[in-house]
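Next up: just one chain, as structure tokens, the form predicted on its own.
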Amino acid sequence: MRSFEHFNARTMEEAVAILGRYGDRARVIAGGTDLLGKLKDEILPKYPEALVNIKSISGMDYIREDNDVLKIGALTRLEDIAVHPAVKQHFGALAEAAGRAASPHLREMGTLAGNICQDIRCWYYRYPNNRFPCLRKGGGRCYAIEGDNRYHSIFGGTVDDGCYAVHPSDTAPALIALDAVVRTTKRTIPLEDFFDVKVSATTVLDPDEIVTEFEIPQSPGKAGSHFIKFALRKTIDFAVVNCAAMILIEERKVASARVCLNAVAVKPYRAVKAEQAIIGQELNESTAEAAGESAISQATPLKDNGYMVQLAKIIVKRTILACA
């Protein structure tokens, strides 16, 4: 690893001030499960001159219920979320997603904010020593389009329709399905609007902006939520496809639905057509099958990842049925 300045911020104001001085030459570090690997492999087009540690700021790891809203601090560890009784009882999709992220050791280090802010996992982007200067590094091409794209987007690309690297988070689709918002040092953002595609970044955050808290409204009525992840290995692997859903059934029919896929597109993919397919219908094998078909109706797979379309269809169906 190269040399860099390291700051242990005592307050959020101090952390923001340091980031303001360095601009895009600094990075925030908390659990470090993503960032440290990137620094060791030197994959970034610009190596950061400074790291701002926010673990040194007290009071940012908590889970509490407040007026029918679940509030989770940005530095709350994934393992703590996965086993928390209130999360498991009322926000099942999030507990399941947090419990399936990475390995047990990484869940003991990784934070919720870090999980949604993590960088893409494309093997061209992540190749050591910045061997492939791709679009997401400010370069001129996406190597996956003509190369090995078996785990890339099945819903098109971006960055001038070029980059096909998928967003890897497990908790992001759960938070979107649960209609969560994220609070930062500058604003409040619906999770669905939090993600973006930029050079060496996956969120809308400014260089001097830090996530502070998540808020999830209590599920309406007796809504059920669920999360399913397909990976080659059950532990540590990133998802090939994952899905979260929240379904409210009233008088035996679907009154409202939120369905979100991830690892299949450049950002978490809200499957609106799947939601529309089941609202007003009884939830059964037939309607869930129709939702799965609707979810992948706009898929445009690349040469090596057509199998992901069928996976997405099946996982949407199973996730929706599991919410009943």
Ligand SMILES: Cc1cc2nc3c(=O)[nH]c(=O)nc-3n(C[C@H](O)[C@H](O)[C@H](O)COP(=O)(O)OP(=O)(O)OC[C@H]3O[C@@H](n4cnc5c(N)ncnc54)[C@H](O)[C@@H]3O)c2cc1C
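Residue numbers run from 1 along the displayed sequence. Given the structure is predicted, the values throughout are model-derived calculations rather than measurements.
This next part talks about the form predicted together with this ligand, which is not shown.
A.B. asks: Considering non-hydrogen atoms and a 4.5 Å limit, which listed residue (A101, I154, L175, I81) is close to this ligand in the predicted bound form?
C.D. replies: In short, A101.
A.B. asks: Of the residues R121, K253, H90, R150, which one places a heavy atom within 4.5 Å of this ligand in the predicted bound form?
C.D. replies: The option sitting close enough to the partner is R121.
A.B. asks: So in the predicted bound form, is this ligand close enough to A288 to count as touching (4.5 Å, heavy atoms)?
C.D. replies: No, A288 sits far enough from this ligand in the predicted bound form that none of its heavy atoms falls within 4.5 Å.
A.B. asks: With the partner left out of view, is K229 within 4.5 angstroms of this ligand in the predicted bound form by any non-hydrogen atom?
C.D. replies: The answer is yes: K229 has a heavy atom within 4.5 Å of this ligand.
A.B. asks: May I ask you to state whether A30 is within 4.5 Å of this ligand in the predicted bound form, using heavy atom distances?
C.D. replies: A30 belongs to the contact set for this ligand.
A.B. asks: Taking any heavy atom pair closer than or equal to 4.5 Å as contact, tell me whether A86 reaches this ligand in the predicted bound form.
C.D. replies: Because no heavy atom of A86 falls inside 4.5 Å of this ligand in the predicted bound form, the answer is no.
A.B. asks: Report yes if all three of A113, C117 and F238 come within 4.5 Å of this ligand in the predicted bound form by some heavy atom, otherwise no.
C.D. replies: Per the other structure, all of A113, C117 and F238 touch this ligand.
A.B. asks: Check each residue of 201-219 against this ligand in the predicted bound form and list those with a heavy atom within 4.5 Å, in sequence order.
C.D. replies: In sequence order, L205, E209, I210, V211 come within 4.5 Å of the partner.
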